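Given next, in structure tokens, is a single chain: the form predicted alone.
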């Protein structure tokens, strides 16, 4: 089966899919085991079965490796919380990245203002105080394993005093080919753990919807990048000593209807901040009646509201002061919004994620091919928190304490 994958790569090179992969001289040992962790943002668990997208490289990786039926994300099913759970094996309440937008009342600045985290806030994203737990590149570096991260959430900050040997600032305009070439260069220089990130499938899913033609084309773009990566490894004699692990942070569902929070909440008088969208929350003013606030929101259709301490245990979404005191969980297809927002921006459309992580449309993929993984295996669903332990065992490093299952690692590793 390994030969069939090599044969496919040769065909792709002849077809021009990956013939431009670099062949610069390198100093690394091609016989050393390496792991490449690849995130395809927003790649839903059933996307590999789509007939409107040509993904021959991914198909070959599935045929010759391990595939989980689904990869169940953590709640909230958002990008930053799940990417960091994948590499720490922790739930967001433990690793601190409880959403894409976060308030931390214990991290106020000199003026006493509450610290705020968001994807576009460079000061926050690069501040190691936000990133708790131990990501896999810190685990590896502490044990003498050189690493490199291409734009993985958290990798731009110094965490516990450690950085990857190689890392780069996130640039959404950086072509996939350049990202792959950086990963190949680092492997050639001796990195044994490298991460890659591709956001195009998520972007298309949000803009056009999960079933759109544009989403299928974005899948094909990622497949071409995977072909370039595999061919670059083959040229270096490292393909058969490298584990390729493909994951996604969440899936995608159509979104069509807003839930108007301002119908039952005085946003000016009762809230300090609101987390909008598919995983909502409210930071109430000191004078607000929180129980009454929860009851009013919960009475709305298509949504459930809880005090933070009352969130069902299965969500693992209680034990952090960064979680809003009022947690709002909409049904799939609905989003927490306001009438003013809809009047100015229009009705929601396209796709969304963030919903209950038990919803299968939120589930992603786990695909792994390489010397650490058996051939042609399909296994029952994995959890996002299982991935850290799998990576640690594939690398041969001792993991930090985590919430993953050893039994899950046993199922997918040789």
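Numbering follows the first chain given and starts at 1. Keep in mind that what you see is a predicted model, and the values were worked out from it rather than measured.
A second form of this protein, the form predicted together with a small molecule, is not displayed here; the remarks below concern that form.
Looking at residue 199, you'd find a heavy atom of it within 4.5 angstroms of the small molecule in the predicted bound form. Residue contact check for residue 119: one or more of its heavy atoms lie within 4.5 Å of the small molecule in the predicted bound form.
At the 4.5 Å threshold, heavy atoms of residue 156 reach the small molecule in the predicted bound form. The closest non-hydrogen atom of residue 257 lies beyond 4.5 Å of the small molecule in the predicted bound form.
The stretch from 210-218, 308-316, 282-290, 72-80 that comes within 4.5 Å of the small molecule in the predicted bound form, counting heavy atoms only, is 72-80.
Across the proposed site, 149, 167 and 236 without exception lack any heavy atom within 4.5 Å of the small molecule in the predicted bound form. For the residues 322, 192, 91, 206, the 4.5 Å heavy atom test against the small molecule in the predicted bound form is passed only by 206. The contact residue chosen from 182, 337, 100, 242 relative to the small molecule in the predicted bound form is 100, the criterion being a non-hydrogen atom within 4.5 angstroms.
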